[in-house]
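Single chain ahead, written as structure tokens, the form predicted alone.
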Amino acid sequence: MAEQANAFKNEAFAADIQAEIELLQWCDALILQFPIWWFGMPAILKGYMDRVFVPGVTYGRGKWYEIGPMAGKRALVSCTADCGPVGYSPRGRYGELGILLWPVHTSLRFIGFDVLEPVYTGLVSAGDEERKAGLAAYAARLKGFETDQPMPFHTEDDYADTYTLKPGIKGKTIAQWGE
């Protein structure tokens, strides 16, 4: 983080990182498309976020979550795997998809994005019919991209100074349901 802050202060990001930061700032919407890899995002995507979601640019100085630099922009996670959707359900072998994607969704929200419910396409190696059905479902989902309600996240007002929900505030997110 110190090196990123120094690069921000001195306008010294590597050219490829600067270009990605500018694209992120320019975009109205972001779709992250990736295969579920070891129950999460691939390392290359994590590396992208580590390098491009930088302090002073995408968060910090009192700007995060609902007042972050990406506020008013939408983000969608679209992921694939080779199992049916029930495998990533609460009783599925691989666990609830929302829990697996929590780090990605929270990172997007942290920098201000309104995060939409994810798109999951499974059985990717099952054959042409399944792929066509998956693509059709994805196309249908994208039609609501501008109008679908974002996922619920708490606002700053819901938290006490201890970074915990204030008394009487019920958890809204998948990571807080068991509280």
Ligand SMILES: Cc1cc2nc3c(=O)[nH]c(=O)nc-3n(C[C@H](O)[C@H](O)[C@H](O)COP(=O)(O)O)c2cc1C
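Computed from a predicted model, the values in this text were never measured in an experiment. For every residue, the number given is its place in the sequence shown, counted from 1.
Only in words, not in the display: the form predicted in complex with this ligand, which the text now covers.
Q: Is the gap between residue 153 and this ligand in the model of the complex 4.5 Å or less for some heavy atom pair?
A: Flag for residue 153 set to no.
Q: Please run the contact check for residue 37 against this ligand in the model of the complex: heavy atoms, 4.5 angstroms, yes or no?
A: Yes, residue 37 is a contact residue.
Q: Quick check on residue 142: any heavy atom within 4.5 Å of this ligand in the model of the complex?
A: Residue-level check for residue 142: no, no contact with this ligand.
Q: Is there a heavy atom of residue 81 no more than 4.5 Å from a heavy atom of this ligand in the model of the complex?
A: Contact with this ligand, yes.
Q: Of these, 50-58, 109-117, 23-31, 37-45, which stretch puts a heavy atom within 4.5 angstroms of this ligand in the model of the complex?
A: Result of the contact check: 37-45.
Q: Can all three of 88, 94 and 124 be found with a heavy atom no more than 4.5 Å from this ligand in the model of the complex?
A: Yes, the whole candidate spot contacts this ligand.
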